[in-house]
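Single chain ahead, by itself, as structure tokens, in the form predicted on its own.
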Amino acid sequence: MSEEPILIAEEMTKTFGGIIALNRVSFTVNRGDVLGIIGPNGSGKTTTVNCLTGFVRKTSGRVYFLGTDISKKPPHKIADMGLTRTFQVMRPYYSLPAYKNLVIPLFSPRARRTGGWRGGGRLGDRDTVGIDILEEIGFERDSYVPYKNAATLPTGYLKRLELARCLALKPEVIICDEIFSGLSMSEIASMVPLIERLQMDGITLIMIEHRLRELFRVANRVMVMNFGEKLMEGSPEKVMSDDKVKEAYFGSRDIEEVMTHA
């Protein structure tokens, strides 16, 4: 991890009519971080991601990525800079085979500038590169799965496909919106090493997650949100020992019970 900030959110506020969804939320993500964002449903986690990535226009506040103010940039411009995201509700091209979902981002301006997946001059054969990326994130290369239409894939593969589409852009940052949600315990167990490998490859990660036990295996820092505000921020151990967090996020239940069933 580096002390060099790669992403800075300053006083992000978002209102929908008279409802304050985000209230002056500020935080910094350093290069190499794995930042977990947790909080009860409706606490503003996904709104935070939408504001960071341009899918929702902030009411006020600023976001800086790689030293550039991206507050008013549209989502495709932000992704082109290397700030990518997955979606809690997966959004593949359902009518295309899995590997063809990656050919589209591999035609992007960012892919052309960066020379394709991990360089190597292989951008011309995008079908092969797409299958290479799918293999990297857990698709069996010699099986029929990379060639199946996305509409026929189970949730576990669709979650990996979301990650693969981000990786096709050679991102600086990936924001994972509940990447473990809907997965079996065995699927989660195989996903955790993948997240760890992405970090080792130099990708900065922001993870919105309810699966706390698995999140705390990979996150070096956690931000807790409640009612659209940042409640506190710190190491997983510090956050989970705080009485305010226990009350706001877990109510009166024992923390070990919540961790077991989260």
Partner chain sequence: MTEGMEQRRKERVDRGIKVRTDSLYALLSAGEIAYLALPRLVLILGLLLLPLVVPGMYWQRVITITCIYGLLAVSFDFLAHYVGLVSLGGAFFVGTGGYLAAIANTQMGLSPWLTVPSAALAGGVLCTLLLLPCLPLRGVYFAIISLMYPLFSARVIEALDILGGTDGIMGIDGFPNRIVEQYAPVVLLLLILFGLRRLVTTDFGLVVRGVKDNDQAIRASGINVTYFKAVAVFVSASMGCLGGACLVHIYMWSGISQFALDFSILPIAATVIGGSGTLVGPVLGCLILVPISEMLREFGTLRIVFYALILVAFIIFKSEGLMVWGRRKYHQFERWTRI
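Since this is a predicted model, take the numbers as computed values, not measurements. Numbering follows the first chain given and starts at 1.
Keep in mind that the form predicted in complex with its partner chain is missing from the display, and what follows is about it.
One stretch from 162-170, 128-136, 182-190, 141-149 that, in the predicted complex, holds residues within 4.5 Å of its partner chain by heavy atom: Contact criterion met by 162-170 only.
Residue 103, heavy atom within 4.5 angstroms of its partner chain in the predicted complex: Result yes; residue 103 sits at the interface with its partner chain in the predicted complex.
4.5 Å heavy atom contact, residue 72 to its partner chain in the predicted complex: Outside the cut-off, so no.
Partner proximity in the predicted complex: residue 108 to its partner chain, non-hydrogen atom cutoff 4.5 Å: Yes - in the predicted complex, heavy atoms of residue 108 and its partner chain come within 4.5 Å of each other.
Partner proximity in the predicted complex: residue 227 to its partner chain, non-hydrogen atom cutoff 4.5 Å: Outside the cut-off, so no.
Stretch 172-195 - residues with a heavy atom within 4.5 Å of its partner chain in the predicted complex: Contacts from 172-195: none.
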